[in-house]
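In the form predicted on its own, a lone chain appears below as structure tokens.
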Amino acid sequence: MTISLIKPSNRVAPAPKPLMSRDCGPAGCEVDWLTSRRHEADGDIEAFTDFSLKMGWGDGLPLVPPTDARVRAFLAQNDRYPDEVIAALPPTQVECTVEKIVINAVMAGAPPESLELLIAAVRAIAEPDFELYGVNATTAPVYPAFIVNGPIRDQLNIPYSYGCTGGAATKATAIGRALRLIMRNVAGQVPGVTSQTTFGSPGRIGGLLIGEWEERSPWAPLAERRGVSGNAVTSFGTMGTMNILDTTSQAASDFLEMIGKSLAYVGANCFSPSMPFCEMMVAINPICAEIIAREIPRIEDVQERLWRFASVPADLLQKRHREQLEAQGRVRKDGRIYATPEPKDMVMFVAGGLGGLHALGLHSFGSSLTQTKPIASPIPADKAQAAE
């Protein structure tokens, strides 16, 4: 059983539209490049935040007013044109331009240097197999989590050590929030309107943007294993974070057994008959990764071992649930139901602090497949014209 057999990946993302004009660069000219509607608003942050909530733009936290000057200054530090269409984002299918990305980035407080990361992240979730429509509109609390590889981690101070999923004081939080504002203001994800999420999640406000601690990983970086070297971002539709603690195990197999069995709870989407397939994402902290790699050097073997433990006996489920899964062919010959179709669908990377033997489980929404995109290297604004 493979995801490719269950769901052939034959959908193609629409190609970005060409620019309307390239006769004026980001350094500025008399042409007004910004096309978004202007609003008269108080420049005070508190007043603007109240205004944004009335207009339906806000998330409840303070917002930086996206004035012409701030938006133009953000653009001036990059070599992108504001009318460039990056993707169409469901459920609204509104075209997400560079200008719209920048406006939301300014409101979130994200730095101008993060633009190429933001663009790559938007492209990743716009891929048809990520199924952003389902992610945005579902009753589940799912949201895109982003894992960053390459030198850009340190350039943007994206955390991958202590407190990487929450608590580390870096502007990665603002970058993640910018992506969440794009989901709200461009894609149109509004609870009770376009999104039927039952409970929602804190991740639908601040997002989740972390790096992989490549230097402490005994395996190749996640993006490289997925075919993209250097600066890259991987998107994963997650239901939230699960901490897994094991202060007892000493052998690699014992750690993987504890992690796998912790992931495999029957109320997870991956064991629901409504989801024909699933991926799972797991972060191993560097100390635990080192212990595992000494005994099991190949990451493929680690995934296979973890996959076997991330399963439940079919008899554990109620009769009706079991019968529906049997009809889908998801009960294997050994009488077990596995979280993912294959070991390769256990998406693993290394991150986290060195204070204890913890692992991080990111449960999947189900039909949203992981996507990895390269992050472009920006051309300095003063050289952008020559590059044309």
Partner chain sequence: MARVMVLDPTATRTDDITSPGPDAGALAGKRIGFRLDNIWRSWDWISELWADKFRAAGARVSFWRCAGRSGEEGERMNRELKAFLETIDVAVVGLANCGSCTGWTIRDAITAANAGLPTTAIATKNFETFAHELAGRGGRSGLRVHVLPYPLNELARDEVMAIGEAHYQGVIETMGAHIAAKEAAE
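Just so you know, these numbers come straight off a predicted model, no measurement behind them. Numbering follows the first chain given and starts at 1.
As for the form predicted in complex with the partner chain, it is not shown, yet the points below apply to it.
- Contact annotation: Asp334 falls outside 4.5 Å of the partner chain in the predicted complex, judged by heavy atom distances.
- Proximity of Asp83 to the partner chain in the predicted complex falls outside the 4.5 Å heavy atom cutoff.
- The partner chain is not drawn, but in the predicted complex it has a heavy atom within 4.5 Å of Pro273.
- Looking at Arg204, you'd find every heavy atom of it more than 4.5 angstroms from the partner chain in the predicted complex.
- The single contact residue among Ser161, Thr194, Thr165, Gln77, judged by any heavy atom lying within 4.5 Å of the partner chain in the predicted complex, is Thr194.
- When you look in the predicted complex, the only residue of Ile287, Ala314, Ala251, Val94 with a non-hydrogen atom within 4.5 Å of the partner chain is Val94.
- Within 4.5 Å of the partner chain in the predicted complex, a heavy atom is found for all three of Phe277, Arg320 and Gln328.
- Contact with the partner chain in the predicted complex, defined as any heavy atom within 4.5 Å, is confined among 126-134, 152-160, 225-233, 113-121 to 126-134.
- Residues of 341-363 placing a heavy atom within 4.5 Å of the partner chain in the predicted complex: none.
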